[in-house]
Ligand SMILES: NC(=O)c1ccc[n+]([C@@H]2O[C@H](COP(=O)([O-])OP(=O)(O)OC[C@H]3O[C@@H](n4cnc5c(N)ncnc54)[C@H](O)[C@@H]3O)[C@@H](O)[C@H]2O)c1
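Take a look at this single chain in structure tokens; it is the form predicted alone.
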Amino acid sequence: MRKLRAGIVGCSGIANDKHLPAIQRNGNFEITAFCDLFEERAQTAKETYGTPDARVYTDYRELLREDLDVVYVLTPNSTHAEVSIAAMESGKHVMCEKPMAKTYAEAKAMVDVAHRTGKVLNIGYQCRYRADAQYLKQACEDGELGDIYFAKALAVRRRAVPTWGVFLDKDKQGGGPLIDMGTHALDMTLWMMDNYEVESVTGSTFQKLADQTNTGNRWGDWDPAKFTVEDSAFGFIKMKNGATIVLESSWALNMVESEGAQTLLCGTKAGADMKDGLRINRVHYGRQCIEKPDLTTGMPENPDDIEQRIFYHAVADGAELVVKPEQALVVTRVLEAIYESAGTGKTIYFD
């Protein structure tokens, strides 16, 4: 298989924790250009993951002049659209980290440019590739749950506020746990239901804990002066076919149980949740029962690795993406509607 020449824009946490190790494990990419506002971060990434002659930049526009096949956009949310659009306009395919963009208008512009240029635009919703998500998606596609009419998208933590980077900066991120974690849970839920026709959204957001000290936070106390996003957000999403989704997201609720990005589905034939692995509940031979598949068998693959493989084949071979940019666009629109509803006190109706 031919190797793709890759450029990295943004060499901070998500690059080093997720994308760069997975790109290296994939083996079908050569990273020949790195860009970060802090040159030393780009240099460090180059020394660990780059080709010997890889270049380092502090301006992404200079990186885009390179002869590259793909560009990874791993920057704060506020620049996802700007960099992705510029990359596609310059002839590069794009892997953009989630969420797609800070606003719906920006995300819509990204989709429009992808259509016009014919470039691959992949969004980093790697939770779809988890073993529990893959199993549940197959069950949904096979009709085992029947008509799914109620769902929950869950991403809640007790006291686990990320205190590094720009997570607490509303201007750069657009929001807090909703746009950070809730976006994964909502993406999985809509994907499982295969339903992107939204009728209305009602939302509430809270910033109740931001000014506290001695917080008991998993990663140490946050700085109240820098905490400009919500600490929890909730949404009520009604679909055009009448199905209903409740979204719960928080970095810091005073509750015992914490849940990573999960989905809960209720259908006419069966239901499912992701507590304690994956549970599918149904009535069998007139008795209520719970199916718990063993997801450790078959050597399940790292979701980050699956994501890189799908992106590679989409670019190199024209294979179909799993995360369609049009789907990610709906996720961004719903998130924006929750924030808008919370700010205005009104339900937001979609066209």
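Throughout, we count residues from 1 along the sequence that is shown. None of these values were measured; they are calculated from a predicted model.
Keep in mind the form predicted together with this ligand is missing from the figure; the text below concerns it.
The single contact residue among R55, R309, R41, K324, judged by any heavy atom lying within 4.5 Å of this ligand in the model of the complex, is R41. Checking Q126, N122, S232, Q262 for any heavy atom within 4.5 Å of this ligand in the model of the complex turns up a single hit: Q126. When this ligand is considered in the model of the complex, V9 lines it closely, a heavy atom lying within 4.5 Å. Looking at W164, you'd find a heavy atom of it within 4.5 angstroms of this ligand in the model of the complex. This ligand is not shown here, and in the model of the complex it never comes within 4.5 Å of any heavy atom of D187. Interface membership of G13, defined by any non-hydrogen atom within 4.5 Å of this ligand in the model of the complex, is confirmed. Only one listed stretch (294-302, 32-40, 310-318, 45-53) carries heavy atoms within 4.5 Å of this ligand in the model of the complex, and that stretch is 32-40. Although the partner is absent from the chain shown here, L74, N77 and P99 each have a heavy atom within 4.5 Å of this ligand in the model of the complex.
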